[in-house]
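Presented as structure tokens, the chain that follows is alone, the form predicted alone.
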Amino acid sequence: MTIEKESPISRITIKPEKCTVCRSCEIACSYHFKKEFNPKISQIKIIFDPKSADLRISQENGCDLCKNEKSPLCVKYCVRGALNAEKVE
């Protein structure tokens, strides 16, 4: 996902193999947008199928990379380092 804005960060990369489905990213994201801890309104979604152990992480189009923050909150609060913020030249 690439988002144009005035920031040194322009993309969030995801390493699904590091994700433990803790959903900290969803909680942080929902707080950024609505000042509410509610993963249902998060712009990042963790989708885990326990039967197949399939894990998908998606980002909705409303992601603004946590404008006015030093770094995206989903990245900041990802305990296992599954999310990273990068600058795209």
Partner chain sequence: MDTYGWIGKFLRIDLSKNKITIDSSKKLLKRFIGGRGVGQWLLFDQVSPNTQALHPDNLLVFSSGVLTGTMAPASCRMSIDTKNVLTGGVLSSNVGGHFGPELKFAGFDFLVIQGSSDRPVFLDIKDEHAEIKDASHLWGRSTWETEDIVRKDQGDLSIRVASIGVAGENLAKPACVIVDRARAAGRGGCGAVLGSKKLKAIAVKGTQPINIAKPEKFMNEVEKIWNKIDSNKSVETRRSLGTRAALPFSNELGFMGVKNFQDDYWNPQKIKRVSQKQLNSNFEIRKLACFNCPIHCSHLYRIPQQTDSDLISEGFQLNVDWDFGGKIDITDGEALLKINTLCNQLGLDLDNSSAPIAWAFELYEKGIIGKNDTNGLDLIWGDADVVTTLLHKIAEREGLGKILAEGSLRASKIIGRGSEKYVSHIKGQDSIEALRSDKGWLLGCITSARGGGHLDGAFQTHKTPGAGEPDSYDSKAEKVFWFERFKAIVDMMGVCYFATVWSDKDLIGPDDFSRLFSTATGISMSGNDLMRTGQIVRNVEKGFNTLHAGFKRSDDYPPERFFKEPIVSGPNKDRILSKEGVDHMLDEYYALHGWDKETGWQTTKCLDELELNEVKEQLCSTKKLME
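Computed from a predicted structure; not experimentally measured. Numbering follows the first chain given and starts at 1.
The form predicted together with its partner chain exists for this protein as well; it is not shown, and the discussion that follows is about that form.
At the 4.5 Å threshold, heavy atoms of residue 31 reach its partner chain in the predicted bound form. The closest heavy atom approach of residue 63 to its partner chain in the predicted bound form falls outside 4.5 Å. In the predicted bound form, none of the heavy atoms of residue 58 sits within 4.5 Å of a heavy atom of its partner chain. By the criterion of a heavy atom within 4.5 Å, residue 19 is counted among the residues contacting its partner chain in the predicted bound form. Of the residues in 47-73, those that come within 4.5 Å of its partner chain in the predicted bound form through at least one heavy atom are, in sequence order, 47, 48, 49, 50, 51, 52, 53, 55.
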